[in-house]
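To begin, one chain is listed below as structure tokens, in the form predicted on its own.
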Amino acid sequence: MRYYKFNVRDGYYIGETRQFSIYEKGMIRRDEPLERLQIIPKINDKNHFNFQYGPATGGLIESLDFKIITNGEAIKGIVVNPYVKSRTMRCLNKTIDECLLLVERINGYHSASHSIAFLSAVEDALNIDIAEGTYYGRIVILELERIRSHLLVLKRMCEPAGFGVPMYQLSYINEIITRIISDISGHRYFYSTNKLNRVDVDFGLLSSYIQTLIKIKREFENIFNGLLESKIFINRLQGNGLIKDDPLIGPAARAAGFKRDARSNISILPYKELNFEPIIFNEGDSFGRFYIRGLEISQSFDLCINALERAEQSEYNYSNNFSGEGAARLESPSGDLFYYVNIDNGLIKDIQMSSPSYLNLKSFIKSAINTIFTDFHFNFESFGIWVSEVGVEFI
């Protein structure tokens, strides 16, 4: 494997798969079950009670079951069950193309991230040398996906504040980006866009949208700066959900002062050739995570436009009779996304995934202790959690 080594506990902690604990540069085989996502405080005070929130309720866009222990004001403990909907993917003994159709549908909003991470692991297993144009094409669509995902997070953070105008303005920009994605790829969520050593995107058509992207970037920055000037809004975020503990990944880590970004510390995609540097803040609260995402949206517009100059389609015809194992990770909008594959005679014999939402959900639970429920949604949305990524089982 080119990117990962077995039994190496090196670098920062990424998360867990069914069999491995994942680190920045290595993977440790483990036999014990995954840690349950919960914090149960030792409270004997009869004034505390359990408050059931979810799995289907206003304020949550996915099914998620919270049992909140509270005295009526402060959150003293949370027990969370992200597995109220089981997600089984029938990938074993399937071809790469058959498995890819399922992988890219684990989380539609991050379809490009999942498909490219999976394909990178497959390409690692097969020792495929990727064409330069494909590398840059993947950066283009990953940064478009990051823009759209971050826009959704910021929009969702405006909603509990009752900030209808900026919420709908961000939704409008989000829809423009989504329609551009649909025009250049044939699908609003990049389905069937990524292949082995190929990105099926009309880069010529996307080039005609450059001035539109520049205009959208300016419109977004005006909205974002307006939100930063709103003391009413910012006061709901500052100090809310403060966490600077290790481990953290993705925007949550960078908001807490950690220089953790797979775009800069692995060589799968040539971000360094675009002079990429992670944006770091040192707050670690909901405001920090809001602020980092806003700055990263502007950065992603620039990365997308710059990578577009070198992006192109490539062809790779592979045989169905091959074997190998590989692993790869990339920086999805929510953080490090990892895939491991074992292939035997062209069929998937094992596939394991570690999503950033697993670790982000654990971090959210810790950050929520001693906050109040009226600030719950600002904090939760700031982590960019997708429950659909957490309870996935490959069979």
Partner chain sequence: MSNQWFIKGVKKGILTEGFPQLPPEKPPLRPSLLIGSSNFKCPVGALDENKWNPEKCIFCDKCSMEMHFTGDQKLFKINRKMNAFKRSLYIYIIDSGTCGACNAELFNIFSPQYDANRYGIFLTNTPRNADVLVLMGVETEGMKSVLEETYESMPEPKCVVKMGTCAIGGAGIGSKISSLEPDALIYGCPPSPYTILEALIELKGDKP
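From a predicted model like this one, the values you see are computed outputs, not experimental measurements. Numbering follows the first chain given and starts at 1.
Not on display, but discussed next: the form predicted in complex with its partner chain.
Its partner chain is not drawn, but in the predicted complex it has no heavy atom within 4.5 Å of Gly133. Contact annotation for Ser86: at least one heavy atom lies within 4.5 Å of its partner chain in the predicted complex. A residue is said to contact a partner when one of its heavy atoms sits within 4.5 Å of a partner heavy atom; Leu101 meets this definition for its partner chain in the predicted complex. Among residues of the shown chain, Gly226 is one whose heavy atoms approach its partner chain to within 4.5 Å in the predicted complex.
Proximity to its partner chain in the predicted complex holds for none of Phe118, Asn197 and Leu213, with the criterion being a heavy atom within 4.5 Å. Annotated contact segment (heavy atom within 4.5 Å of its partner chain in the predicted complex): 161-169, selected among 281-289, 301-309, 161-169, 239-247. For the options Ala125, Val153, Ile106, Ile268, the one in contact with its partner chain in the predicted complex, meaning a heavy atom within 4.5 Å, is Ile106. Put simply, of Lys76, Lys217, Arg263, Arg188 only one has a heavy atom within 4.5 Å of its partner chain in the predicted complex, and it is Arg188. Heavy atoms closer than or equal to 4.5 Å to its partner chain in the predicted complex belong, across 297-316, to no residue whatsoever.
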